[in-house]
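Next comes just one chain, in structure tokens: the form predicted on its own.
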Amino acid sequence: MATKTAAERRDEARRVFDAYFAECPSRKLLDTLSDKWVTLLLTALSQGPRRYSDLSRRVAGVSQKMLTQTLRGLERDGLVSRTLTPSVPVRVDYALTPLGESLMPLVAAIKSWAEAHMEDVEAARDRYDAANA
């Protein structure tokens, strides 16, 4: 059995998408999915298509710049679709794609877990801060 060069091992790892491998493209996707705005926008869109202004109101605290950047990134990754309707003013709707919908059970579970366990996490943080002050 022939040994493989480092470059061959890297090429092989890229093909199998091993996130533990430093150059694996799935790491960038994991980075995107771990963003708080991504989680909140995906869960907001899980209830159906929404206009930009609806998303801005629903996701409190997101700046216009971050909302735009996040939606563009989700559209680029194939998780969200953007539909323009010619009118005055132009109407723009965002919706989950089938790929985005396939992610929702995981995203919704993480959001629910965070909401259900926030008191426990705050208590743990208080204990840690008190012990390390």
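Quick note: we count residues from 1 along the sequence shown, nothing fancier. The shown structure was predicted, so the numbers you read here are calculated from the model rather than taken from an experiment.
The same protein has a further form, the form predicted in complex with the DNA, not shown here; the description that follows concerns it.
Although the partner is absent from this view, residue 65 contacts the DNA in the predicted bound form, with a non-hydrogen atom inside 4.5 angstroms. For residue 92, a non-hydrogen atom is located within 4.5 Å of the DNA in the predicted bound form, even though that partner is not displayed. Using a 4.5 Å cutoff between non-hydrogen atoms, residue 77 does not count as a contact of the DNA in the predicted bound form. Residue contact check for residue 101: none of its heavy atoms lie within 4.5 Å of the DNA in the predicted bound form. Heavy atoms within 4.5 Å of the DNA in the predicted bound form are found in one stretch of 83-91, 102-110, 22-30, 40-48, which is 83-91. In the predicted bound form, the residues of 22-55 lying within 4.5 Å of the DNA by at least one heavy atom are, in order, 35, 36, 37, 51, 52, 53.
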